[in-house]
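Next up: just one chain, as structure tokens, the form predicted alone.
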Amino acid sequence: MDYTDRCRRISNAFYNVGLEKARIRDLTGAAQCLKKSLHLDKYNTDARNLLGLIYYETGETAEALVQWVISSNLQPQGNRAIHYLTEIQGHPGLLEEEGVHIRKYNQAVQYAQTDNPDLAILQLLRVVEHKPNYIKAHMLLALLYIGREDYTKAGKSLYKVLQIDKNNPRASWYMSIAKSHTSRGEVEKRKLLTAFSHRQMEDDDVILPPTYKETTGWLTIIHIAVGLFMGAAVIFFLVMPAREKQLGETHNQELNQVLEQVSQRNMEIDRLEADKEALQTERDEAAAQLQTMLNENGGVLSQYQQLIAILQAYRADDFQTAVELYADLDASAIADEGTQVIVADIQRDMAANGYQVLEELGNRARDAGNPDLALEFYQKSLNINQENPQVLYDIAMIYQARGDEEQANQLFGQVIVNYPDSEAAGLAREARGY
């Protein structure tokens, strides 16, 4: 068995373990196994698709999209990742809503870091209300509650996390802290002891009845009347004043609570009004970023697909195709640090060898009588290497042939002034007539 087959078998084993963990909702353990599987075999699309589903289940939609895009490019046919991407792209409002929630979560993190836990909790409650499976938001909310010593609310947030990812180690740790401060076990133990603290009646115990005395009918009526009178007196002189006092105190407490709530609401409204403009700006920025991500030509997803196509062309030793694809790549849209290293290597190779290929393609198009296509290739060559006087001269000649003397003379002038010792400069002088 060679090294490649051995890696593939071990990768499949890790995938199977990750699948079993995912079925019992041990999502953290499943993600770790799937990452090991992909480390051994990056073409294991089943593991990559399942990892994307786990990211999506825990609220990490952007990470899920990255995994599914890579999977769809590695296996363009018969791949479930294509179905997932189609479903998400068919609901553009979903991605916009995800962007808004991510913005709110980031704002909550900023509030927490700047000692504004109340605003952070308010933002996180909004996030988990609309996105109940976002584990990061629940974890940060629980941590803020623990910081405020509100362990009951912290336990509720952590319980929701453990419902989604039952073996999440950090959530289990926070839950142990919350339980140690709520002392629920001690309370239940005391209740149990109190319930069985009285001695049970034994067979030898005798209940002695009260003394019985025969009474006449009139005496009974008198006793009843005296009892009613005494009961009314007790109610009037003892019970009623105490009840009125209790009602007055209860009313005052309720009034104070209402006033405190009104005051808190007013303070909250003032804070919300202060943040309204900032939130509107964040919403506009999120919408712009979402539009950039979804844009068919220059979006983030399309740029990742373009990069994967370039790498496939390199692997097939088709350097010309790689150069043509690279000319349309927007490297600034790729933010992943690991991917940026690959882009930097490609940029260095293109700066050394790629622009000549585009120049040659422009020459072929020009010689074939297609000046528009030639201009497109020349411009792409300049995008890679702007210091090429021959390409500037060739572009100027095309404009001169079209009768656009002003544009042509401008380009001839650039060649003459910026590259006076080049061969293209001499040709440009001849074309200008001096």
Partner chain sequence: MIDFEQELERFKPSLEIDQVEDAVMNMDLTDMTDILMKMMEESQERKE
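Numbering follows the first chain given and starts at 1. A quick note: this is a predicted structure, and the numbers were derived from the prediction, not measured.
Just so you know, the form predicted together with its partner chain exists too; it's not on screen, but the next bit is about it.
Participant: With a 4.5 Å heavy atom cut-off, would you call Arg103 a contact of its partner chain in the predicted bound form?
Facilitator: Heavy-atom contact with its partner chain at 4.5 Å: present for Arg103.
Participant: Considering non-hydrogen atoms and a 4.5 Å limit, does its partner chain approach Tyr355 in the predicted bound form?
Facilitator: So Tyr355 does not count as contacting its partner chain.
Participant: Quick one: is Thr61 in contact with its partner chain in the predicted bound form, heavy atoms, 4.5 Å cut-off?
Facilitator: Yes, contact at 4.5 Å.
Participant: So in the predicted bound form, does Pro132 come within 4.5 Å of its partner chain, heavy atom to heavy atom?
Facilitator: Pro132: no, not in contact with its partner chain in the predicted bound form.
Participant: Could you tell me which one of Leu143, Leu162, Leu122, Ala331 places a heavy atom within 4.5 Å of its partner chain in the predicted bound form?
Facilitator: Exactly one listed residue reaches within 4.5 Å, namely Leu143.
Participant: Between Leu65, Ala31, Ile398, Ile384, only one gets a heavy atom within 4.5 angstroms of its partner chain in the predicted bound form; which residue is that?
Facilitator: It is Leu65 that has a heavy atom within 4.5 Å of the partner.
Participant: For the interface check, one of 303 to 311, 224 to 232, 133 to 141, 344 to 352 should have non-hydrogen atoms within 4.5 Å of its partner chain in the predicted bound form; which one?
Facilitator: Looking at the partner contacts, the answer comes out as 133 to 141.
Participant: In the predicted bound form, does each residue in the set Ala335, Leu373 and Ala424 place a non-hydrogen atom within 4.5 angstroms of its partner chain?
Facilitator: No residue of the spot touches its partner chain in the predicted bound form.
Participant: Out of 22 to 56, which residues reach within 4.5 Å of its partner chain in the predicted bound form, heavy atoms considered?
Facilitator: In sequence order, Leu38, His39, Leu40, Asp41, Lys42, Arg48 come within 4.5 Å of the partner.
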